[in-house]
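First comes one chain, alone, set out as structure tokens in the form predicted alone.
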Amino acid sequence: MAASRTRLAPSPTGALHLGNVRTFLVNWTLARQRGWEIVLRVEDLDGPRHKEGAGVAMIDTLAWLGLDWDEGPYYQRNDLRPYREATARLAEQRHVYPCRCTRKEIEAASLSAPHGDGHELHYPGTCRPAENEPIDAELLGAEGVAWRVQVPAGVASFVDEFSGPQQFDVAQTVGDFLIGTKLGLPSYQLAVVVDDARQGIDKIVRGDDLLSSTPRQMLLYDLLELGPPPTYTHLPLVLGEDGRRLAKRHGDTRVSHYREQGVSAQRILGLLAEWCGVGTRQPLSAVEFVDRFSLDQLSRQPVVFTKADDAWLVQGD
């Protein structure tokens, strides 16, 4: 039987911060404890937010912390053909349709409040075709044309390996979601499904801000006839003291920031270890973290990064 496979999949929209790295560390640790192979994949398709050189810097940061991988790195942008082929297949089967709506038009047409983090609106179905209306496949790849999945009504259920039973009504929350953008690039939802399937990924570990993405990705697995989806393990996020997701507003929490100040990788891992229930914070290596970590010890509540945490990192011994 082939070994299970997981992926470390940073998105180069900025430098890795302590919250990102905590999730990657747990993912890497579970793989090394359980004999999973690790694929490194740089998810660089977010055009407007993609920062030149960020992918290379992220890889360097992961290696500096002591994380390794068995395959890669792969860059999604290097080969768009698999995503275009998947979109064409979905269009041929009338599972998707072209959409020219702008965000302002969606805001005006939708009576729903923004979903999730406020960046995603419920799509009201403005461009959804009638039942027997043909799909113009010649629009595939055309400038200014996005592509959306026709989401069926009903509740999708799955059991997360850490967060437990989950239920989402995709049609009610986000509606017909994007699989292709007006820039001619695949959306996150399509790209990760295509790549996970073709790279043999069957174990996914990521932040629980992506729980609501899971039923969308499971739907695409079904529509593309890719077989059973992976198992999912969604971990609580690291928050600032204001209860919001760790970001620039909480100060500079980039690993590179601490590295430039002379903070050791072992000290950073020591703080992450305490956040993961390993014990009282003390410097340790990635290998030592693997020896001591147990998923059962991980709190089901978000971690809060405090000024005291920052002070402990920079003060040294």
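Counting begins at 1, following the sequence as shown. Computed from a predicted structure; not experimentally measured.
Keep in mind that the form predicted together with a small molecule is not shown, yet the notes after this line are about it.
A.B. asks: May I ask you to state whether residue 95 is within 4.5 Å of the small molecule in the predicted complex, using heavy atom distances?
C.D. replies: No, residue 95 sits far enough from the small molecule in the predicted complex that none of its heavy atoms falls within 4.5 Å.
A.B. asks: Looking in the predicted complex, any heavy atom of residue 19 within 4.5 Å of the small molecule?
C.D. replies: No - in the predicted complex, heavy atoms of residue 19 and the small molecule never come within 4.5 Å of each other.
A.B. asks: Heavy atom to heavy atom, is residue 235 within 4.5 Å of the small molecule in the predicted complex?
C.D. replies: Answer no; every heavy atom of residue 235 is more than 4.5 Å from the small molecule in the predicted complex.
A.B. asks: Even though the small molecule is not shown here, does residue 206 get within 4.5 Å of it in the predicted complex, heavy atoms only?
C.D. replies: Residue-level check for residue 206: yes, a contact with the small molecule.
A.B. asks: Tell me which stretch of 184 to 192, 96 to 104, 144 to 152, 121 to 129 has a heavy atom within 4.5 angstroms of the small molecule in the predicted complex.
C.D. replies: The contacting stretch here is 184 to 192.
A.B. asks: Using heavy atoms only and a 4.5 Å cut-off, decide whether all three of 63, 254 and 264 touch the small molecule in the predicted complex.
C.D. replies: Checking in the predicted complex: none of 63, 254 and 264 is within 4.5 Å of the small molecule.
A.B. asks: Would you mind picking the one in 137, 80, 210, 109 that has a heavy atom within 4.5 Å of the small molecule in the predicted complex?
C.D. replies: Among 137, 80, 210, 109, a heavy atom within 4.5 Å of the small molecule in the predicted complex occurs only for 210.
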